[in-house]
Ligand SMILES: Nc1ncnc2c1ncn2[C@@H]1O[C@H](COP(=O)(O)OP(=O)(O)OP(=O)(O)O)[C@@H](O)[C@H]1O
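Below you'll find only one chain, the form predicted on its own, shown as structure tokens.
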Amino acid sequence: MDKEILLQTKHLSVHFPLKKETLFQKRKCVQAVSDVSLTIYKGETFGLVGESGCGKSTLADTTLGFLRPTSGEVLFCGERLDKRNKTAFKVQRSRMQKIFQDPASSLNPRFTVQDAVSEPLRIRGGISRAQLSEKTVEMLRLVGLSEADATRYVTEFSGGQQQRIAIARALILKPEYLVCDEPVSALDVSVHAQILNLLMDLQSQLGGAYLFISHNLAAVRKLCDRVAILYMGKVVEYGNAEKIFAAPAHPYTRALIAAVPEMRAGNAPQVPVLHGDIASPIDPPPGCRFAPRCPMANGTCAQTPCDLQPIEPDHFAACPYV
């Protein structure tokens, strides 16, 4: 049976204009996301991987409607986000939520846990105070907290506990689409596995699709069904996570995976070093943006456009030499 599509981006680009230095200067833009086409299916976990500043969060925020596309489109359940009126968009947005990277800064320090977790329900409205309290306690128990925690302030909890509160708040509306923007990177290493396992347990109980953004390739490999590798706003490899990690095709993907530390006896394998300068996101090469650092590039790579090509079923890479 074919999988049901939840969210799609079609040739999505997001550019941020820069201030002109002189009156007659042509306005320049930071090309944060360029021509990205992705499909996320209902119930799956989709990974988004890349270096800091490559456009992961910008892409995720655009799928949530926080940012408007410069070109291209975002479709949620077959309908364009930017074509909906204000009321319809508000209803659509209640079916999407986000878990932020730093739980301490995403929670209002003046709120009790009850206030923080129930806030989405209060905004949506149409619920009694008794139901509000009941649903809040239900969510707290699901994330491993107790009913007694509801009256405490969010600042009284540790980082891992605060992230549990943030997860409860994000899931209390039972969204169909949840963006997890590096949900454990601001936490102690000792609680990483606890939070990641909690997210997977909640997905199996509540359903919904995750867009999982992370630098932790081990976590991406374990949790994600499919993955996209992003470099300077462009997707360079895309498809089934197991296939990509087993046989990475693009030189950038190979370098990322080779850089993951491994516990091995004896001499560790040599990690390939990427030479050259990173291209400017204001004036990137018209061809492959990885070309200035790629060990396989020739003189035409930076000038010749390279689209994603099939390597095997559900595995694509944007490189002519794979």
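None of the values given here were measured: they were computed from a predicted structure. Position 1 is the first residue in the sequence shown; the rest follow in order.
Beyond the structure shown, there is the form predicted in complex with the ligand, which is absent from this document and is the topic of what follows.
- The partner is not drawn, yet in the predicted bound form one stretch among 251-259, 50-58, 34-42, 285-293 has residues with heavy atoms inside 4.5 Å of the ligand: 50-58.
- Of the heavy atoms in E182, some are within 4.5 Å of the ligand in the predicted bound form.
- When the ligand is considered in the predicted bound form, A297 lies well away from it, no heavy atom lying within 4.5 Å.
- Not displayed here, the ligand is kept clear of R84 by more than 4.5 Å at the level of heavy atoms in the predicted bound form.
- Looking at G65, you'd find every heavy atom of it more than 4.5 angstroms from the ligand in the predicted bound form.
- Proximity to the ligand in the predicted bound form, taken as a non-hydrogen atom within 4.5 angstroms, holds for one residue of K174, H215, K90, R152, which is H215.
- Residues A228, G239 and F316 are none of them found to lie within 4.5 Å of the ligand in the predicted bound form, as judged by heavy atom distances.
- Applying a 4.5 Å heavy atom cutoff to the ligand in the predicted bound form picks out no residue from 99-131.
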